[in-house]
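Read the single chain below, which is given as structure tokens and is the form predicted on its own.
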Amino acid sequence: MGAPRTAPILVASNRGPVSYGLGEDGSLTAKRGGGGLVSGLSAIGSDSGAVWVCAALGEGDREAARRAGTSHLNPGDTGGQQVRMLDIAPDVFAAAYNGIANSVLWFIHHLLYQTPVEPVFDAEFAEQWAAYETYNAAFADALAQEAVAEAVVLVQDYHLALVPAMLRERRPDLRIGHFSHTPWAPPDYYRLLPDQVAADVLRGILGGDRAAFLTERWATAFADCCAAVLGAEIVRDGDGDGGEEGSGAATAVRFEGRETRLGVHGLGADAGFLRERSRQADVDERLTSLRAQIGPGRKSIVRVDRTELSKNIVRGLLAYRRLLETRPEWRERVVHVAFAYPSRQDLAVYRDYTERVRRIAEEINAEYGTEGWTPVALHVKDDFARSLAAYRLADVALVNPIRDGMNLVAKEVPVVSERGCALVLSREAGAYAELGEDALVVNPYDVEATAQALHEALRMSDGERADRTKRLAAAATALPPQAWFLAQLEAL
């Protein structure tokens, strides 16, 4: 007997709002997470009947999911939210998550492949793709089971691209939306995927009533892929109202008798949380430590990233080295505080990248460092309080991704900055659409131009930096997580 249909609102995502540690004695310890979805779901209240469906990620999660069965996790662990955690077979999960989501779809949308040698879509890929289908079907089954008639379902991200169409088959009464937190690849690059897979991903998302993105650019790229791969009809602003046909932004995709509306919701920073959290005692302690590490009278260039390939940490370090080489006046007067927190270390390419980041930082320090000055202060242990401390003291923030769906660091730094911070920002970050006017914008591949932008940022007057920071903070907080989440609900 399955769980009763009780949920009028459902959220589906790979990672849920809670994770579990498993003790040697079999005890479970819950750790609640944060982020935009957690903040957003709190906007509708725990009495709304909403249910969050997620996957078990580790052994502790799997044990918690087994104990709950088809029921929900203990609400005491989840902050009162109703959470259904799926115990998907570990080999299926690994193939779907690492094999497809993180090693194929992520690489496609962030344009990360070295195309002379990759990708290679062979028999192993076919097996992984079958696992990805199984993984998505598990979510579709659980959502269909949980939802009341005509419920609203918000499916999150590239891990679950097939869910909307699968869920539509099971429950045609539901209102289904999909939100992409990544960029979307342009058609020529997207078509690196095997033809059937490329079509299946698009058909999966088009199974929803609505497909939403972080920026207009990514929504347009999705629509262009639907046209190029599926031959779908794209509805644009101006169509059918006397305007020039196809003259505006894509607003919907029509395919096989259905219309999927397109939406844009630029997730913003949570100003209230950031400002309150950044003034707590543990942040003050780390601020004191960072200031001592930088040294009196010196400026700081701060970056805070995971060692994710798309974040472009290596070229950021090369640009800083070029700054020291071409602008010797900054030697001993600036420190690059680089937080490069390990990410996806179960994948060899990420381990290699993390090691390269360490090596370049060491080379810069060996080449330019003096007895009283270490040019690069590299931190690899994840520490949110220390990140907030760095936000507070940063003179310059370097955010130079190769490609990024949004990049919340670019939005968070201006909110927390104490004296104003110049933002050096890649034009390939989604945040560029909102922040570009008041940032120093760079081509992320151009190390020389990035070094020049760092120089200009360091030279910026206190008054100009403060004025820019105020405007950046206002733009960055225009759609905070709760409003972002509610906007998607209302649109459905």
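Don't overthink the numbering: it's just position in the shown sequence, from 1. It should be emphasised that the depicted structure is a prediction, and the values quoted were computed from it without experimental measurement.
Although not depicted, the form predicted in complex with ligand F6P is the subject of the following passage.
The contact residue chosen from 374, 220, 102, 145 relative to ligand F6P in the model of the complex is 102, the criterion being a non-hydrogen atom within 4.5 angstroms. For the residues 181, 298, 403, 203, the 4.5 Å heavy atom test against ligand F6P in the model of the complex is passed only by 181. Partner proximity in the model of the complex, defined as non-hydrogen atoms within 4.5 angstroms of ligand F6P, places exactly one of 155-163, 354-362, 122-130, 204-212 at the interface: 155-163. Contact annotation for the candidate site: 32, 273 and 386 all lie away from ligand F6P in the model of the complex (no heavy atom within 4.5 Å). The shortest heavy atom separation between residue 339 and ligand F6P in the model of the complex exceeds 4.5 Å. Taking the partner from elsewhere, residue 368 is found to have every heavy atom lying beyond 4.5 Å of ligand F6P in the model of the complex. Ligand F6P in the model of the complex is approached by residue 344, whose closest heavy atom lies within 4.5 angstroms of it. The shortest heavy atom separation between residue 306 and ligand F6P in the model of the complex is within 4.5 Å. Of the residues in 76-110, those that come within 4.5 Å of ligand F6P in the model of the complex through at least one heavy atom are, in sequence order, 97, 102, 106.
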